[in-house]
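Just the one chain here, the form predicted on its own, laid out as structure tokens.
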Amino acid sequence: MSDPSILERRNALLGEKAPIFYNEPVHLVRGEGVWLYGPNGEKYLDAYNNVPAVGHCHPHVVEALTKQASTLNVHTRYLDETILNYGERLVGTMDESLNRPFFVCTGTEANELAIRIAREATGGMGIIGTNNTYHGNSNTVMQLAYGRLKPKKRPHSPYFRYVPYPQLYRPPAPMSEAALAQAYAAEIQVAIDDFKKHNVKFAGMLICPIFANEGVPDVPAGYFEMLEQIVHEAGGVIIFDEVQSGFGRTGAMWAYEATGVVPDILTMGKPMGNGHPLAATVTTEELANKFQSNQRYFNTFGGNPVSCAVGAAVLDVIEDEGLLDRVNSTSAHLREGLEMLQKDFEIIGDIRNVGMFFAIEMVKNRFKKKPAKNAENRIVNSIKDKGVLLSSIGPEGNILKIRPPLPFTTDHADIVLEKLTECLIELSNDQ
């Protein structure tokens, strides 16, 4: 049980509306690997946090941070090999066309800069996102999140349009997968045409390649290829936001690898520094040169030596500990266990995952697919009390999210399955 005075102090300082997890908030004082600890010996299996991607307080990352912090830390307008060594190594994990990094501190900054680069490259202003996305909280980037609102409640912006995110689970109408891909892609063209109708030049489309905030939907085959053709033929650029999906989350270094499309701009953050503020926008030499020729851009803290040393240490751990293989083996094991649970519990309507990012859709009726909203909240809070941290996503808030640090093993997955089973039994008994 957390000390109630801490919550009172928090509310007084940060405000009662400041976001916080769980009906009874968790007080944490220490982290190690995939475990988090409270002040009175409470122990929680972290099946939620993707920021400490290689594990909480990984000793190799801590050592790299400490060593560099005790040696040198300045901004990037001096010559220093730390940023060069890290930057060259980072872009070496990507398609050879993505070879020009801009280092920043947060995913919000990365996406804000990506939009600026796209607009400079095209001379346009119009940006397309999906209707249930989130890419950051700056004034510009936050406008993409307005797609979550019903059209009548969206603040008017002439420079943003929203298209339905592609999914197989709840299609707009019965049709083949090929026809569904075409229908979703056609919405992109509709948005581009609407920009033209209102004399707004199209600049590009910004999406997460796994549609993380949309609930990790299964995407109809062919959609990404159609998206690429439509956007490029209209003179726009493709921006993939891999703030959540990058650095091995999907079982590959980058989620775009599975789409068949190489973006013009790639953004990243969160797991990049394992909790240290580090993010980046990576683009092509052509787009970068055009941007830098017309705009002066620098970031005081982005790409500083300590951040780059931390980033390099994260890459070390991913490689040295074989975390991509770990993700693939553990996710297959967890998926199998969840599918067995689905057979026993009608409330589990759909199970989706890309590597170690799982979405479990809770429904009142599998045939009608009506969201079971209250069930999700009960499970998230109940399983927390059993020592496992989860969360939720999706437009209806009925999707359980499992997104642990990458060192998660099959033994850890079994703990999640055991505690989730207990929660589902309790839920069934109450109905």
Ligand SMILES: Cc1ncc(COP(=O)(O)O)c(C=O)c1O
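Just so we're clear, the structure is a prediction, and the values are computed from it rather than from any experiment. A residue's number is simply how far along the shown sequence it sits, counting from 1.
The form predicted in complex with the named molecule exists for this protein as well; it is not shown, and the discussion that follows is about that form.
- No residue in the set G215, N353 and E361 has a non-hydrogen atom no more than 4.5 Å from the named molecule in the predicted bound form.
- Among T283, S307, N274, N111, the residue placing a heavy atom within 4.5 Å of the named molecule in the predicted bound form is N111.
- The partner is absent here; in the predicted bound form, the one residue of G236, G126, G107, P166 having a heavy atom within 4.5 Å of the named molecule is G107.
- Proximity of K270 to the named molecule in the predicted bound form: non-hydrogen atoms within 4.5 Å are present.
- When the named molecule is considered in the predicted bound form, H135 lines it closely, a heavy atom lying within 4.5 Å.
- Using a 4.5 angstroms threshold between heavy atoms, Q244 counts as touching the named molecule in the predicted bound form.
- Here the chain stands by itself, but in the predicted bound form one stretch of 196-204, 86-94, 99-107, 257-265, 99-107, has heavy atoms within 4.5 Å of the named molecule.
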